[in-house]
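Next up: just one chain, as structure tokens, the form predicted on its own.
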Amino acid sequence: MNMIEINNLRRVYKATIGTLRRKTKEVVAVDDISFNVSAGELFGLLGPNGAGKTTVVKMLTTLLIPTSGTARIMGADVEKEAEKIRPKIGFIFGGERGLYWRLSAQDNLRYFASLYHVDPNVSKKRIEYLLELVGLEDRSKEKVEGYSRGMKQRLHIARALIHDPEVLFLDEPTIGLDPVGARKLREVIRNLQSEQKTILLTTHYMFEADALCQRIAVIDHGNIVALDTPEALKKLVKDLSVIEVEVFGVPEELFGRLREQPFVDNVAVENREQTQVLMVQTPRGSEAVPDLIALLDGVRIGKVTSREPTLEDAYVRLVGGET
């Protein structure tokens, strides 16, 4: 059974440009996409900033009206039957809004339970269960203003689950969290899988999607460019190796020169603490290192390593590297 059904979904915005001579232009945020999510599936939606991920989630949660196409949650149309859908879904967006900081976690959940008209006898047990699920039972009576960002995000999940929805939307839930907080939140998401919740997760973190999701759709410029299991997506780069080079300041024009080389499939760069790491995908493996170093003449270089490709490398091949 499909819990989420999307057919030819499109969303167009009108944007104003210019200052003296103001003009409006159409911006296509989501362009004719289709996919389904089955009951109990944890489905990942990946893409760069501005790709359309959050717009998709807002349409599915009835916060935005589609320009064209259809989307259904448990058979109900998101545009025509929004009131029917809302009690059956829960959602959180990355960030700290949506909680009352001067209330305790317990009081926050009591308040949201009352908004969803959850029976008080049911809500008491459910609040206890949810606080344990997200690992906040020992600090449930403390004011939320004293919580870390990771604790607030876990409370967001408890809030989204207070009415026991069948479909859950998590829009970049671990963004901005420290590694420990993000790990704890991922554990909560894994626990939700055991409850057979249907979950749509958007994230920037490829390792997170690889570890959690059963299937992944990659969206770029409003279009679905790939949809498959993490294992199948990784096969897209099975013919490549990745050379990582620690560099200290790379001229912008060098990236273009690297991409023009016949032995280079793609190039991306990642900031790690005090250095940049240049990631070069190549079918030649470590044999390409001498040629690569020669092209980096004049650039201060640190450690050079060669590794097997990951889901992140498949993603880079699909959407292109960012400098």
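So that the term is clear: the rigid core is the largest set of C-alpha atoms that superpose within 1.5 Å between two forms. Start at 1 and count along the sequence shown; that's the residue number. Treat the numbers as computed from the prediction; the structure is a model and nothing was measured.
Below, we refer to the form predicted in complex with a small molecule, which is not included among the displayed structures.
- Residue 55 belongs to the set of residues with a heavy atom inside 4.5 Å of the small molecule in the predicted bound form.
- In the predicted bound form, the small molecule sits within 4.5 Å of a heavy atom belonging to residue 48.
- Residue contact check for residue 27: one or more of its heavy atoms lie within 4.5 Å of the small molecule in the predicted bound form.
- Not displayed here, the small molecule is kept clear of residue 17 by more than 4.5 Å at the level of heavy atoms in the predicted bound form.
- Shown alone, this chain has one stretch from 280-288, 65-73, 27-35, 262-270 that lies within 4.5 Å of the small molecule in the predicted bound form by heavy atoms: 27-35.
- Once the cores line up, the CA of residue 65 ends up less than 2 angstroms apart between the shown form and the other one.
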